[in-house]
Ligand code: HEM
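The chain that follows stands alone, in the form predicted alone, written as structure tokens.
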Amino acid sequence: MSPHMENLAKPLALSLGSYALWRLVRPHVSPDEITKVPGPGGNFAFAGHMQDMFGGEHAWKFHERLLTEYGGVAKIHGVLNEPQLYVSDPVALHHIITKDTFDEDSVLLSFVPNVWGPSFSGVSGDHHKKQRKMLSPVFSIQQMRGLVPVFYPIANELRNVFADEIKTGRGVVDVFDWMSLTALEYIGRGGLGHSFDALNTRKVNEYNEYIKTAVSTMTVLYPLITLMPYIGHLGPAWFRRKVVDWTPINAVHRLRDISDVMQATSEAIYHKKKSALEEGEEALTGLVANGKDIMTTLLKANSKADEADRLPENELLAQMNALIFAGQDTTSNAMSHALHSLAMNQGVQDRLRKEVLQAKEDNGGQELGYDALIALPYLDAIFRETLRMYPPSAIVWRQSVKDTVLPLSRPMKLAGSKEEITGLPVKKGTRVIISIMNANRDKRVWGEDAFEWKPDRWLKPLPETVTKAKMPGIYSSMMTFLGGNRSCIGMKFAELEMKMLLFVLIENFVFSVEEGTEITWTFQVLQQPGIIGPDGKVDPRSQLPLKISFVGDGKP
């Protein structure tokens, strides 16, 4: 390291050390109301409860405990002993989601621009509103209808892959790996107008090999990532890059490499698409998706927008990175949960197959259009129930941007007080964890069977408690796609992708769990499937081995 860099590094280390010490002692010397909120003990000074929250298969019990023992609001500790609120209370969630007193977490607002670029998920205020205004129309239902002929070939390619696996005697397939590759191809063709050739069995997809390690890498780096609001803006970009290069942590270098690969790929796709647009509509018809993809529509809209509304090139590139990262792992995770649940519930799978086969017969043996596919009632029930029980992002963070009082649906007693309160004072800067999963599984809202995967619940009126709860989510009274101005912009894209895949796969195959195989899911930033070995330990590799066979005696 050069003397100049050493001179910069020393005060930086001193500042971070001082901040860490202040974080550790602050709750004791300058307590506020949230330090008196009931919550679990046993946290560690540096990591807080983060190990409990993301500690693999054991974390499920911790999250369940937060719901059953502390109701809808609990205090947990983050990195460096930072007190945080863990919230699933519907009234409190409504305030967090819909009021202007909370926004995206400062950690994410610092992390995302540094790693993926200034996308809609990494900017705030008017900047976020401007990007959202430009992006929302390109995810319309009309746009989704245009993607149907783009999506079906991908589902059929995966069908052929599974058929080949059966024919060659490999009837047990790692479905999780193939869901990741398929989701990447959906994002590529439907989102970017580019094929990653992800379902080509004759080669290893290097791009996916980088991307699929992103979640586990960020989980490992989470304690360091929480420091981003304090180090993410230090010095110019070249200086921060040098700090990353010199950091003696392999996971930091791995995340750097993932970011570099994503950026280089997005730039290549962007410039190719930009050149085609300049040549005219005829040039677009020669590209993947024939110009019907999300990114082409966005570039067209952006070029026609007023100067004040137009997004600069670096922000367009950032949206591409965001589409890939936000859309791939979440959808592949949800699809894997759906197939695993169907494999464990053969009666449900048989009933879905009957609906699928009947729908195709009624359509003259042809592929269903958008409206008919989306409206299939039992397919829809399975989609909803899977996302209720297994939201890909089980928790997300928000942060108060001003002092506020958080309303509660149920009274609470603070430590040292005999009085019950129905509103909790929250200071500016307080970090809040929205527990999407617990909001979706609260027995006081969803009933005693809230922890069970039951698609049939969606084929009859939901309990009155669900309606009265008034969850602020944008979809089916659940929090999976969030709500407000930070709701999931790609919800319709994900719905079409998942329903089409399930339709094609269940039409052709029977999924089951091979006898003697025990599958579990570990709780990370995104849940990961794995198998339990003979020694009772979970294999560290993410995998979902399912037995696949043809429906009846026919072959696709």
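None of these values were measured; they are calculated from a predicted model. From 1 onward, residues are counted along the sequence shown.
Quick note: we don't show the form predicted in complex with ligand HEM, though the next part is all about it.
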Looking at 487 to 495, 506 to 514, 32 to 40, 64 to 72, which stretch has residues with any non-hydrogen atom within 4.5 Å of ligand HEM in the model of the complex?
487 to 495
Heavy atom within 4.5 Å of ligand HEM in the model of the complex: which of Leu311, Leu373, Val79, Ile436?
Ile436
So ligand HEM isn't shown here. In the model of the complex, which residue out of Leu181, Leu406, Leu482, Met320 has a non-hydrogen atom within 4.5 Å of it?
Leu482
Residues Ala381, Arg444 and Trp458 all lining ligand HEM in the model of the complex, heavy atom within 4.5 Å:
no
Taking the shortest heavy atom distance, is Val396 within 4.5 Å of ligand HEM in the model of the complex?
yes
Ala326: touches ligand HEM in the model of the complex, heavy atom cutoff 4.5 angstroms
yes
Going by a heavy atom distance of 4.5 Å, is Phe111 a contact of ligand HEM in the model of the complex?
no
Taking 4.5 angstroms as the cut-off for heavy atoms, does Pro392 touch ligand HEM in the model of the complex?
yes
Applying a 4.5 angstroms cut-off on non-hydrogen atoms, the residues of 122 to 142 near ligand HEM in the model of the complex are His128, Arg132, Phe139
